[in-house]
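Read the single chain below, which is given as structure tokens and is the form predicted on its own.
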Amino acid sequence: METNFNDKQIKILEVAEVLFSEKGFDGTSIRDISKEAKINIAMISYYFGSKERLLEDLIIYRTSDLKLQLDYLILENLEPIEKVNKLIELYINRVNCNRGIYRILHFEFTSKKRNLNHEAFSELKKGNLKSLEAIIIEGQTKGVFKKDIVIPLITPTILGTFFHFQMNKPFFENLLNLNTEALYNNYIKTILTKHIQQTIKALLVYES
């Protein structure tokens, strides 16, 4: 699984991400990517082989370093609930800043139109889940987290709330008077993130 990309590969991946997000995977050709990136088609084929492989590498490029950030978080001198709060901030900020790739991911993995290498992405998700498990187990060992937590459902609870908010963006912009992109993003960073943190805390922590 390739995780180290050179500057040319990164340029191709970032151009492809924008085009896939705007025009869809099927609506984007290698020629489109070549033209936008100002890199010839032969070079793109040399680096990635096919459009499907380019998409797989794009997913790896945008998601693989999260595990490293989570590993650092586990080692920080913080209480377990503080680690969970930082993990939530990390997840929400990451997904909000990379909406394009997550839009592509959602469509490709739900449509099942292509035989993508889901295994590579699944391995990344398993690694991230292990980091979350380590934090939860630490909290349980210290007696601050409940014993009956269904750990694999924590991440969907975090991201599901965000994605519902994002998928209904016009509704919430109108309802909450978030009439600029800056206001909308600030609401996500502050109020929505805090709401998710409080929700997850209620699932994890014994009632006092």
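Just count from 1 along the sequence shown to find any residue number. Between two forms, the rigid core is defined as the largest C-alpha subset superposing within 1.5 Å. Computed from a predicted structure; not experimentally measured.
The form predicted together with the DNA is left out here; the points below concern that form.
Novice: Among T180, N168, T157, S50, which has any heavy atom within 4.5 Å of the DNA in the predicted bound form?
Specialist: Of the listed residues, the single hit is S50.
Novice: In the predicted bound form, which of the listed residues (V144, L175, A42, L153) lies with a heavy atom within 4.5 Å of the DNA?
Specialist: By the 4.5 Å heavy-atom cutoff, the listed residue in contact is A42.
Novice: Though only this chain appears here, would K201 touch the DNA in the predicted bound form if you measure heavy atom gaps against 4.5 Å?
Specialist: Residue-level check for K201: no, no contact with the DNA.
Novice: Wondering, does Q69 line up within 4.5 Å of the DNA in the predicted bound form on heavy atoms?
Specialist: Q69 lies outside the contact set for the DNA.
Novice: Would I60 count as a contact of the DNA in the predicted bound form, using a 4.5 angstroms cut-off between non-hydrogen atoms?
Specialist: No, I60 is distant from the partner.
Novice: So in the predicted bound form, does H164 come within 4.5 Å of the DNA, heavy atom to heavy atom?
Specialist: Contact check for H164: no, nothing within 4.5 Å of the DNA in the predicted bound form.
Novice: Using a superposition on the rigid core, decide whether the Cα position of I196 changes by 2 angstroms or more between the shown form and the other one.
Specialist: Comparing forms between the shown form and the other one, the I196 CA shifts below 2 Å.
Novice: Is G27 one of the residues whose C-alpha moves 2 Å or more between the shown form and the other one after the core fit?
Specialist: Yes; G27 is a residue whose C-alpha shifts (by 2 Å or more) between the shown form and the other one when the cores are overlaid.
Novice: Please state whether E52 has a C-alpha shift of 2 Å or more between the shown form and the other one, with the rigid core used for the fit.
Specialist: It does, since the E52 C-alpha is displaced 2 Å or more between the shown form and the other one after the core fit.
Novice: Closer or farther: the CA pair N128/Y47 in the predicted bound form, versus this form, with a change of 3 Å or more?
Specialist: Compared with this form, N128 and Y47 lie farther apart in the predicted bound form.
Novice: Any idea whether F165 and K23 get closer or farther by CA distance in the predicted bound form, knowing it moves 3 angstroms or more?
Specialist: Result: closer.
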